[in-house]
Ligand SMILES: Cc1cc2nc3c(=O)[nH]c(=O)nc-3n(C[C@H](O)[C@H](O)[C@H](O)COP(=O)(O)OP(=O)(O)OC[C@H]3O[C@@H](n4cnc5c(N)ncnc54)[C@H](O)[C@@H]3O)c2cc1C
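Only one chain is given next, in structure tokens, and it is the form predicted alone.
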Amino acid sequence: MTRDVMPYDVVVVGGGPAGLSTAIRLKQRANAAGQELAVCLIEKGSEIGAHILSGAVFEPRALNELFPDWKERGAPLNTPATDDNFLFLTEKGSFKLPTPPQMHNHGNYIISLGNLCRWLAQQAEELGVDIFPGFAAAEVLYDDSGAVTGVATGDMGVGRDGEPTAHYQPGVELHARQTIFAEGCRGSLTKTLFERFNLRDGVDPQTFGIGIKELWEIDPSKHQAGKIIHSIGWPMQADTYGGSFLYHLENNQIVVGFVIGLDYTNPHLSPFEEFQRFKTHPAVRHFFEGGRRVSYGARAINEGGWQSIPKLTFPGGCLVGCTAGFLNVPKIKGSHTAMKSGMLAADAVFDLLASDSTSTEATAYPAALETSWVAEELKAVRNIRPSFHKAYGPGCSIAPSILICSKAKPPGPSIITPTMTG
């Protein structure tokens, strides 16, 4: 049984903030130029937002550029950040630390990232983007020269033995002049591209963390819309990279989570159990008493920073968002940088397709990224995560922008603001 083929100018793989921003920007450029550009976006989740781990403090910088009138359009940014708190936890107590500059959230919003993606999908469809949720890209397609020519979705109706059943349907081939991969951290197709095109040659190895998150509905008397709490310290040991976040959204909901670097050395450490222990701490326990957990999930996080970003382009396509690794570690934010990377990629791809060039590689994308505010922002903090082991060694824990030394004398840890821009 042969596959059906659907031709497009551009196929975007992944319906997160980066992929949606890419598709939107492509259609904005095409519509402004009065040109036809067929753009398709596929998403493995049953709907856009289904695989987005919601609840985030969102910096609207890229959204301001993508849709300057997002407020009039009804973007779901409903809860301005109003109160930053940064705590160091001991086993039974806590004390407040100065909020590091990178974690000041004035002008940001506490949002459901899933709802933002659903809204972005609506904007994309209104511009003419074809969006197909429920279809996972299973295979990268190549032409005779080795350039990427699209992707194929997975076959359906395959039995446990791997053989086709009576309900077998082959996947669909989506052919494109350019294919943009926005799969998120550790994308399965992106990993094959790394190997085929040697995209990781000459850059630092990527490092990873795991973020565990829960959405709670709490007692209205305990809810403070716009309140933000970050913490370091207990239950983490001093040689383990990690910390918590707790954000008060609208409708008496809070999102609470814990991030742990996956380079921890204790083989018995369970990130999930450490997260559950954290919720029993006196500084946060009262928020959960009398409440109910609505949903939960976890996701991998790229933590390597600027020096771990791979080569972003290859014949027939490019990488955007967390599939490449644009997280700002000390900010604990990556949606705004992911969106901007997609917008820059879209500009380069549109210009390439509109030109008479015979090239199949949008090399203007990394060049534009290098001069953008994304590069400026990520280069300034590029050594914060690597310095955890390389600079200070065991016994010290790097939190965003500060160094906590377990050998400090009472009454508490020493707080040092290191210069980590060199």
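Nothing here was measured: the structure is a model prediction, and the numbers come from that model. Start at 1 with the first residue shown and count on from there.
This next part talks about the form predicted in complex with the ligand, which is not shown.
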item: The ligand contact at Ala56 in the predicted bound form, heavy atom, 4.5 Å; value: yes
item: Heavy atom of Ala75 within 4.5 Å of the ligand in the predicted bound form; value: no
item: In the predicted bound form, Lys333 touching the ligand (heavy atom, 4.5 Å); value: yes
item: Interface membership of Ala18, the ligand in the predicted bound form, 4.5 Å heavy atom rule; value: yes
item: Heavy atom distance at most 4.5 Å to the ligand in the predicted bound form, all of Glu43, Ile212 and Ala300; value: yes
item: Contacting member of Ser188, Gln102, Gln276, Asn252, with respect to the ligand in the predicted bound form [4.5 Å, heavy atom]; value: Ser188
item: The ligand: the contacting residue among Leu87, Ala81, Leu113, Leu199 in the predicted bound form [heavy atom, 4.5 Å]; value: Leu113
item: Residue stretch of 374 to 382, 61 to 69, 46 to 54, 357 to 365 approaching the ligand in the predicted bound form, non-hydrogen atom distance within 4.5 Å; value: 46 to 54
item: The ligand in the predicted bound form - contacting residues of 148 to 170, heavy atom within 4.5 Å; value: none
